[in-house]
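Below sits a lone chain in structure tokens, taken as the form predicted on its own.
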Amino acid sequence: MTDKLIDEIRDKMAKNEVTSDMLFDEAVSLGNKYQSDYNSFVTILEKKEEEEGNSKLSGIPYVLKDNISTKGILTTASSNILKDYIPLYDATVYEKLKKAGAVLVGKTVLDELAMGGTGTTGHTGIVRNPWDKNRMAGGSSSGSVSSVALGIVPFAIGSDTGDSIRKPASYCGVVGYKPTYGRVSRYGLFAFTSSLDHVGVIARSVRDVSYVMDVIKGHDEKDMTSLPDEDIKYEDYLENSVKGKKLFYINEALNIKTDNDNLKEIIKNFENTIDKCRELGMEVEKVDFGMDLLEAIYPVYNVISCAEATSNNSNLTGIPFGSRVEGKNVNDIMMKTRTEGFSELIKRRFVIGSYVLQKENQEKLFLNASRARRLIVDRMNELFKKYDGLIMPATEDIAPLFDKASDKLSDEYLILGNHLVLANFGGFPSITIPSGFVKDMPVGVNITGRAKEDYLVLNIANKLEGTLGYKGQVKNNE
């Protein structure tokens, strides 16, 4: 039953054909069953929490990414340095879900400290793609996405700093949503890059995403970046007509010369999706974004994210909390703890971030990256004066094989592999929905809209989802 959509589950509950206890037990059973093959979880709860509240999420099981604070429940951020850390407070998103009656099943694996896009760097091991165990689930919200794709839970909470919800959602054939920056409180989310971090939702339909968003959005006095409350429910906008809405796609990204047959099929799939948009009465046009700006996305993201990550994680020393390696003095303890507690990938990012933040490098690197980010966001806002949204293929390839290394200097990777970061740079709402299959692996399409127009992005995605035919899909691995 946990592989159904929320409305279907609620209907069964209303008829007393299934109970919240039964749903929790089923989700726990499936989580344990699939754990050895897919490694979605850091923690699976043994006991169901007491239910509160009354909403459309009442009694519905879900999972949280393991970088979201849960009082009394192990929260590791998939890092050895936090392998035994049990928080003393709840994240706001977790509090809101509890008050709505949603039932937590467990905490899911991520790339260590959310710094990665592969699902392979968590301290408990790699996360495998439900559609092909030889392929990546993507990251960093790998466990959250795979648990939804496997039908363990109807929805999950993740975080998205560059594409960490939306890209793995495409790889695993589910819906991934990153809201407007500040629309969902980040209090209790372990910070990676504070100016880019978002809490978001993974589900198997746009409607289910809207149900969750209507619960977790809203102002939070504990998060000074959170936006004022809206007096609307996204659910109420889903079925609005989209006739006359205008979308654009980036011409340079679709004109890439490639020998990648998968990308050629993805572009064909995208062209078919554009036809579906036009059948719904939307206008879709190609625009020249500016190759200089597109090529700047990846390096700008790297500079800003590494710098902010270095600062945000400077408290992981083994002194105030977390794992500790004993030493001769305080400095020795911190050096040994951080050396043994972080993977090589994380240490490289911290070295880059420290270099960027050195006084003599700030102007040349960090401030110039910030200026380039502003130019990129200005270009997006200029286009949003004419268009209601950006529509693009969500990824440049199907989920990669574990032994396949990407060419990070290719146009495929630099542009099509990183355009989702545009939404993080500007804090724009952005959603990935399934749009088909290439070589029996799911692919998706992404829609990004104006800041604070989450209702419209969800509306367009919902209408398009209804024509594409992949709503509610789950990978059955019986």
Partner chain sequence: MVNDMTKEELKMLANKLMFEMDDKEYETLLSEFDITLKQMELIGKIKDIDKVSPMTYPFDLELSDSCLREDISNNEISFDDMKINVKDYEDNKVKLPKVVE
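Since we're looking at a predicted model, the values are computed, not measured. Residue numbers count along the first chain shown, from 1.
What comes next is about the form predicted in complex with its partner chain, which is not displayed.
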property: In the predicted complex, the one of 435, 69, 424, 39 near its partner chain [non-hydrogen atom within 4.5 angstroms]; result: 424
property: Interface residue in the predicted complex among 101, 218, 87, 400, criterion: non-hydrogen atom within 4.5 angstroms of its partner chain; result: 87
property: Candidate site 224, 368 and 371: all three near its partner chain in the predicted complex by heavy atom within 4.5 Å; result: yes
property: Contact test in the predicted complex: residue 302 vs its partner chain, heavy atoms, 4.5 Å; result: yes
property: Contact of residue 262 with its partner chain in the predicted complex (heavy atom, 4.5 Å); result: no
property: Non-hydrogen atom contact residue 254 with its partner chain in the predicted complex at 4.5 angstroms; result: no
property: Its partner chain contact in the predicted complex: residue 48, any heavy atom under 4.5 Å; result: no
property: Stretch in contact in the predicted complex with its partner chain, which is absent here, among 438-446, 425-433, 54-62, 22-30 (heavy atoms within 4.5 Å); result: 425-433
property: Contacts with its partner chain in the predicted complex - residues in 376-403 whose heavy atoms fall within 4.5 Å; result: 377
